[in-house]
Ligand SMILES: NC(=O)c1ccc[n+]([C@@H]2O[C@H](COP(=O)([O-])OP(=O)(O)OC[C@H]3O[C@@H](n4cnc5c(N)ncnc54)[C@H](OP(=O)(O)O)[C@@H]3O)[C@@H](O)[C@H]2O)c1
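Only one chain comes next, encoded as C-alpha cells, the form predicted on its own.
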Amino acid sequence: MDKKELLIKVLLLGSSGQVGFELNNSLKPFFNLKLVNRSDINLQDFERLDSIIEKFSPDVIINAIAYTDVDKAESDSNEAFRVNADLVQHLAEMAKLKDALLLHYSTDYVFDGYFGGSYTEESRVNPLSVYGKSKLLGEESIIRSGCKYLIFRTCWVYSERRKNFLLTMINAFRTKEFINVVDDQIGTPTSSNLISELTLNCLKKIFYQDTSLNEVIGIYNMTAKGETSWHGFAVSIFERLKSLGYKDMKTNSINQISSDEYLLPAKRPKNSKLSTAKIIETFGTDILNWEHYSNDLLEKIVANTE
C-alpha cells in the first residue's frame, strides 16, 4: 500500500446502505476512510455533521445517503426532500467551504422516460415522481453551490443487502407458483459492487494518476452496459439460479404485464437507458454487460446458502 494513498481523507456518508457498504470495502485499502451512518446524522440539525467534517477535514465527501422508497415518497415528501435535497445542499455548502470534492449519487428518475434512445448527461430532465424531483433538486443544489463535484446517475441498483428487485425476486421464486412482472419499463440493472468499483477508479484517476479535477467536474451516468425490462431481469435471475442448481424455487411461470396493470403510487419512467460513453471516455473505465454482474452476484448468493 502506498503511504501517499492514506494521506487522502475520504468521508463516507451512508456506509451501511447498498452502495455505501460496497464503497467501504472498495475504498478502505486505498484511502484514509471515515464512516458515517445515517443514524449518526440529525436531519433536523446538521450541527453534529458539521462537527464531524470540521474535525476530520476530508479531501473527499461521498454522499451515499438517500431516501430511496420511491412510492412512500409520494406521501412522505417532506422527508424525501429533507434527505435528497436539504442534506445534499448542506453537504455541497460544506464541501465548498472546506475545498473538498463532493461525490454524490443520483438517479435515472430525473428523466421522464419519454425519450426513445439512451439519455446522456445533457438530456433534458423532467422527473415524474416526488423521489425524482427531490433527487434533481439535490443535483441542482450541488451545481449552484460552486463546490467541486462528481454526480453519478445510477439505474436499477441492486445488491445482496437491503431491499432491491433482485432479492425481491429470489424471495418470490421461493414462495409463489407464478409472478407478474412489468415488461414495458426498460433500463439497466446495476450492481452496487460495480458502482463502488467505478467510483474507486474515478478517485484513483484524480488523486493518483494526475487527472485534472477541474477538467472532470460534472455529471456522469454510472450503470452497467446493455438494457432489459424488469421482466427480462426477472427471467435472467430465474434462469441463472436454475443453472446454478438452486433448488429452493416454487415458481414455474413469470408473466409479462404492463405498467398499467401494476399500479403504484409513484409514476416510473418507461425508458431509463443511460449512455455511459462520457464516464468511459473521461476515466477510461471498463464496463461490462449487466448480466455479467448479476450472474456473479447470484453465484455468490447461492454459494452462501449451501
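On a predicted model such as this, the values are computed, not experimentally measured, just so you know. Residue positions are given as counts along the sequence shown, with the first one as 1.
As for the form predicted together with this ligand, it is not shown, yet the points below apply to it.
Although the partner is absent from this view, residue 154 contacts this ligand in the predicted bound form, with a non-hydrogen atom inside 4.5 angstroms. None of the heavy atoms of residue 139 is located within 4.5 Å of this ligand in the predicted bound form. Mapping the unseen interface onto this chain, residue 107 counts among the residues with a heavy atom inside 4.5 Å of this ligand in the predicted bound form.
Residue contact with this ligand in the predicted bound form: residue 32 places no heavy atom within 4.5 Å of it. The single contact residue among 66, 27, 61, 279, judged by any heavy atom lying within 4.5 Å of this ligand in the predicted bound form, is 66. Checked against this ligand in the predicted bound form, the candidates 79, 121, 99, 71 yield a single residue with a heavy atom inside 4.5 Å, and that residue is 79. Just one listed stretch, out of 252-260, 236-244, 35-43, 52-60, contacts this ligand in the predicted bound form at the 4.5 Å heavy atom level, and that stretch is 35-43. Of the residues in 162-176, only 162 comes within 4.5 Å of this ligand in the predicted bound form through at least one heavy atom.
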